[in-house]
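Take a look at this single chain, the form predicted on its own, given in structure tokens.
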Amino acid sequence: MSAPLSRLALRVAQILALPVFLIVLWWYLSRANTSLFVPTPGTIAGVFGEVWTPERLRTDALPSVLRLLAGFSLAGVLGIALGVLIGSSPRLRAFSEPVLEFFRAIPPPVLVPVLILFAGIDSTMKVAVIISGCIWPILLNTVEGVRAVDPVLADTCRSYGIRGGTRLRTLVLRSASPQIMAGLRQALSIAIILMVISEMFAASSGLGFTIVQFQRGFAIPEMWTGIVLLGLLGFGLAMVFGVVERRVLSWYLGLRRAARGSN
């Protein structure tokens, strides 16, 4: 086996080792269990294909994913834009910090009734709930990343007359990108949670709505299939984000590898 294939096989084994162990452990602990609320992995796997047909994925899973991506993307744009603005101005940062800390301390699910009053019960409300929770890690990480820009590099840009959009792209965003990506990764996990919570209020479709309907109807194996699907969705989004993150931060990861190699 060639070296690239060996590394790929090792990576796949590393990714699957813990999930396989947990599934085997779950099966072992639940094999003699007669409780309706703790089905075996085999039972869940057998029901999964019956529940999540292509039609159900289209009507329930796809709208949830689209709302998640819309809320996450809008939170990213708003969080980065406001973070750069606040992080670049010490006065604005001191002025806005109390307000930011106040709103950050409010749990987003508490805002759902308020958002229903202003945005109704359609997808706009659900996207707004996702934005209300995702924006804070992105905003605060961006502020800290912009504040941490190397003053020597900032002076160099000033000396060479690099200003405006060029300075923003080549210095500010590039220097802050490791912390921005960290904020986006945190926000992605929050987005999945808030997607489910938003669909438990005044909804007629979506993963959160479907899971609650199964729970209320005591369709426990079906409810577990929804939870498994959520986990698979989170895993897939994390993998995609990891690829994007490595591409965006390739220069930063290269510097870290070089620093480790020199030590």
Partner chain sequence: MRRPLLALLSAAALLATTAACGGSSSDSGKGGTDKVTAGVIPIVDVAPIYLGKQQGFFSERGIDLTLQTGSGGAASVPGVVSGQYQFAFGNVTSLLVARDKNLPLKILTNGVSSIGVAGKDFGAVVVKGNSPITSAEDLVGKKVSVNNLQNIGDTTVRASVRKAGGDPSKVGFVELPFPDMPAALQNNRVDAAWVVEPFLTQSISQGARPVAWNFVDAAPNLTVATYFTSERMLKEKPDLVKRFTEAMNESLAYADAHPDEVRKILGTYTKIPAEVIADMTLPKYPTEVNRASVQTLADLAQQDGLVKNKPDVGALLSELG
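No experiment lies behind these values; they were computed from the predicted model shown. Numbering follows the first chain given and starts at 1.
We do not show the form predicted in complex with its partner chain, though everything after this point is about it.
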Its partner chain in the predicted bound form: within 4.5 Å of a heavy atom of each of 11, 172 and 252?
-> no
Of 228, 57, 238, 219, the one that lies within 4.5 Å of its partner chain in the predicted bound form (heavy atoms) = 219
In this chain shown alone, the residue from 190, 128, 140, 116 with a heavy atom within 4.5 Å of its partner chain in the predicted bound form is 116
Among 142-150, 155-163, 97-105, 119-127, which stretch has residues whose heavy atoms lie within 4.5 Å of its partner chain in the predicted bound form?
-> 119-127
Closest heavy atom of residue 48 to its partner chain in the predicted bound form, within 4.5 Å or not?
-> no
is_contact(residue 203, its partner chain) in the predicted bound form, heavy atom dist at most 4.5 Å | yes
Taking heavy atoms only, is residue 213 within 4.5 angstroms of its partner chain in the predicted bound form?
-> yes
Is there a non-hydrogen atom of residue 37 within 4.5 angstroms of a non-hydrogen atom of its partner chain in the predicted bound form?
-> yes
